[in-house]
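Just one chain is shown here, as structure tokens, and it is the form predicted on its own.
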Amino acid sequence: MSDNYTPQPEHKFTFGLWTVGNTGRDPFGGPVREPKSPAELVRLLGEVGAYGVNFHDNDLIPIDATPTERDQILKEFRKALSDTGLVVPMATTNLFGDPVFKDGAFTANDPKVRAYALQKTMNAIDLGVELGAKIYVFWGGREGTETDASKNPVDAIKRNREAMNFLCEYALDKKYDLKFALEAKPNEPRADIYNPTTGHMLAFIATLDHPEMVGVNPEVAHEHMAGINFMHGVAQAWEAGKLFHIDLNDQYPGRYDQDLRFGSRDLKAAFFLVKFLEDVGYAGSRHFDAHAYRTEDYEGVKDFARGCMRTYLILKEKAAQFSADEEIQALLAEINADDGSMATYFGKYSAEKAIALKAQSFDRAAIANRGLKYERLDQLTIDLLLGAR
């Protein structure tokens, strides 16, 4: 492998314990890989060159662990971090796995469930901060319905807002250096999940008491499974100053969450995503929320992890080639040519500007007859990706 595609700490490539630790269980079959301890998974990630490791509270500490067991797990985990040099940039809470959350967590109809979810999240935030996390992600995997007869959506919105406001105040009260990132998904494991897209999450954040400390954690698969252009959602989050974290994987549209190796399905979409992140200077973690194929042993899991990072770096190199390609850039300059004749009409409104614009004459036929050369531009992009340029 080329040294250009060897991951370095400055790339900030991270994986969750639940990703490389996935044992291959699916709805139709049991595990195909023996489980590894959190410390063993950290060492696996150290071998493949990752920068950091992220976790749900119960990925690290089982929900029924005794205090003694908790202390021993943490001791081994800390030692593995120290030995490998990996860091913990992000943490999150599992509010979907235990049967108590079968009707949701913050939006559950049962107030005891909502209260327990807050308690569990506060404890998990403490754990994440203790291990160095600066970003805390919220994925509401059970915050939805199978039948809308069961839950009032306005009540659910209010319950979710109340929970987020409470937890923001908790982090501020504890003086934690922490930002929250909300993760959208349209469906699975619930039939319909509230706030199903990044755009929904951005609108919800604007209603919170502390919107400045809450952003989003968009995931490729969660938007592609609904047929949405993921890069556009990422761009909206970036433009709003809310792209706090990102989950990279791949997905066929119209299917349940597949969590495929990054770039393994839609290479062109992955290219434009990487190009966007690199062009705007996104400085956060590149987190791979994906799983190795069920066919693999742990050597195959390492291949999977290396592949995620390698593909990102190849596409980063391709993005730089795109920006340096004289023909592509000349075509883009032609497409975006501006003689300045319309400049006076744009920007802040004024009555004078409106009067002048209403009086402006436009040759619609001439404008419409201009070929935009997008076919040529797209083929040049394909040529570049396929190594023909």
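Treat the numbers as computed from the prediction; the structure is a model and nothing was measured. One rule holds for the numbers: they count along the sequence shown, beginning at 1.
The following text describes the form predicted in complex with a small molecule, which does not appear among the structures shown.
K.L.:
Even though the small molecule is not shown here, does it sit in the predicted complex so that E143, R190 and E223 each have a heavy atom within 4.5 Å?
P.N.:
The answer is no: none of the three residues contacts the partner (heavy atom, 4.5 Å cut-off).
K.L.:
Based on heavy atom distances of 4.5 Å or less, which listed stretch (88-96, 123-131, 270-278, 298-306) is in contact with the small molecule in the predicted complex?
P.N.:
That would be 88-96.
K.L.:
Taking 4.5 Å between heavy atoms as the contact cutoff, choose which of F262, F106, W139, F230 touches the small molecule in the predicted complex.
P.N.:
Only one listed residue qualifies here, and that residue is W139.
K.L.:
Residue-level question: is R286 within 4.5 Å of the small molecule in the predicted complex, judged on heavy atoms?
P.N.:
No, R286 is distant from the partner.
K.L.:
Looking at the partner-bound form in the predicted complex, is D266 within 4.5 Å of the small molecule by any heavy atom?
P.N.:
Looking in the predicted complex, residue contacts with the small molecule do not include D266, since no heavy atom lies within 4.5 Å.
K.L.:
D250 near the small molecule in the predicted complex, any heavy atom under 4.5 Å?
P.N.:
D250 lies outside the contact set for the small molecule.
K.L.:
With heavy atoms only and a cut-off of 4.5 Å, decide whether K185 touches the small molecule in the predicted complex.
P.N.:
Looking in the predicted complex, residue contacts with the small molecule include K185, since a heavy atom lies within 4.5 Å.
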